[in-house]
Structure formats: C-alpha cells, structure tokens
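Let's start with one chain on its own, the form predicted alone, as structure tokens.
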C-alpha cells in the first residue's frame, strides 16, 4: 500500500528547519517498506535523491523490487551511482549463516565505494550486564545475534566507509501507524491480563528519532558504531508508560518475572540496554516516551 501523500507532507513540515542543508546525495535504501525503513525514507526525501527497494510490497512510488538473497544486485542497480547505501531490511531472521554471508559479501562488494549504513540491533549482545557502549565487544548467544555479528564484520572489513547503527526497542508511530509491539499490547489488555517482566531491561527508542538520526548519519556520512537508545527501563515500565499515554487502562497490566534460566526462550535476554552518550552528542537529547507518543498520538 502506497504511503498517504497527505501524511508525507505533514512529516516534511514537521522536520522543516530541523535538518542542516547538505550537498544533495544519491541514497539507496534497502527495505524501504519496513516500519523503520519507511520513516527513514520520509526524513531523507527532501534532502537527497532517494532510491528505494522493497521485497514484498512497495510503500513508495517507483520502488524497486529486490530480494537480497536471490536477486543479482549488479543487474538491479548496475546503472545507478549511490553515495550512501542503507540496509534497513531485516535480513538476519530465518536464514542460514552461509546464505547470509554469501549474500552480504556479494552486496557489499558491489557497493564497496559507497558509505554503507547497516541497521543492526541490541540483540548482538548477550544481555548479561546491560548499558553496553559502542566500544564493547559483541558476544551474541542467539542465532539472530550471531547473524547480526556476521553482517557487522562483513561491513567493517569490506566497506571503504561505514556506519553500524544499533537500535534498542523501537516504538511509536511510523507514518501514522503504531508499532506492532504496542499495538498487540493494546489489544491484549482489552481481553485479559498481561505480565511483562520487571527484570528484563531495554532502552526503547522512538521510531522518528531513530529515523532522523539515521537520515542525518547518511547526509553527514558519519562513520563508526552508534547506539540508538532511550533511557534504560524494564519491559513492564515501558508498556505501563506507553499504555497510559495512549489512554489504555493498565489495570490488567501486572508486573511479572522472567522464568528460571532453564525455562527461558533462547532469545530471552535479561538486559540489552544501551549507553546513548554518543547518540545524544551527535543528534541531541532523546525525549521521554510521554513526549514522543503525545506528539504523534
């Protein structure tokens, strides 16, 4: 479904005056129809020549259909030059590591002269201690985390210039649509009791802040690793504060505890919170949940 044109202009008005004027760049965004990718497109649209791709359904006019694993990148993009390439597609799920490695190498080799921006995740850490900085060495313990690490290492070793962006819990309204996580919780609370964990910690980051930061990274060609994260909080606190802003009763939201280690799901990491000092130095302070959700709600 194509993005609503009216909302497009609302977003442009919202960011008017907030972005520095840069030399217009040619930017390719892989995964433009995703929750975060579509917001990145909107924040870059008035400041760069943006080419977008999609895998299943186009969100923007003139989007190029591209399968990261089966399509030949050289055939799809051979006649175009890009200053910056952003990988916003979630390519790390349900894929064998050999296939991921081959596809990523093929893709990076073709665009090795461009500034590469890879959107990774806090899932690259083991979740043992939290408040990870950009200097901490990743120790993934899940298949997803291992795949993230594979992509990061290929980016670093094969790109002439690169940025690795690691968001934590991404939430909020992207192009007028609430994220799936909060949307599901709203619906669950309508029909029963939910018990989010008070002893699992994240650093939720609002989608529009994250998108602006990624767009700014592209325009300025900022290099290195950047953690995109809000304040550390428990999953329970995150849902409670979010639901209250959205006008949903939290009477059915009761604090729960993580199960014993041997009973946990393999991807249930205790504390993947991220230090956001570098992010705030680069992009300014990150408003709290209440400010963000009220602004777009």
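Residue numbers count along the first chain shown, from 1. As the structure is a computational prediction, the values presented were derived from the model and not from experiment.
A second form of this protein, the form predicted together with a small molecule, is not displayed here; the remarks below concern that form.
Contact with the small molecule in the model of the complex, defined as any heavy atom within 4.5 Å, is confined among 219 to 227, 187 to 195, 156 to 164, 89 to 97 to 89 to 97.
Heavy atoms of every residue among 33, 120 and 168 are located within 4.5 Å of the small molecule in the model of the complex. Only one of 72, 181, 129, 105 lies close to the small molecule in the model of the complex, with a heavy atom inside 4.5 Å, and it is 181. When you look in the model of the complex, the only residue of 232, 241, 54, 270 with a non-hydrogen atom within 4.5 Å of the small molecule is 54. The small molecule is not shown here, and in the model of the complex it never comes within 4.5 Å of any heavy atom of residue 82. In the model of the complex, at least one heavy atom of residue 68 sits within 4.5 Å of a heavy atom of the small molecule. Remark: residue 144 counts among the residues lining the small molecule in the model of the complex, judged by a heavy atom distance of 4.5 Å or less.
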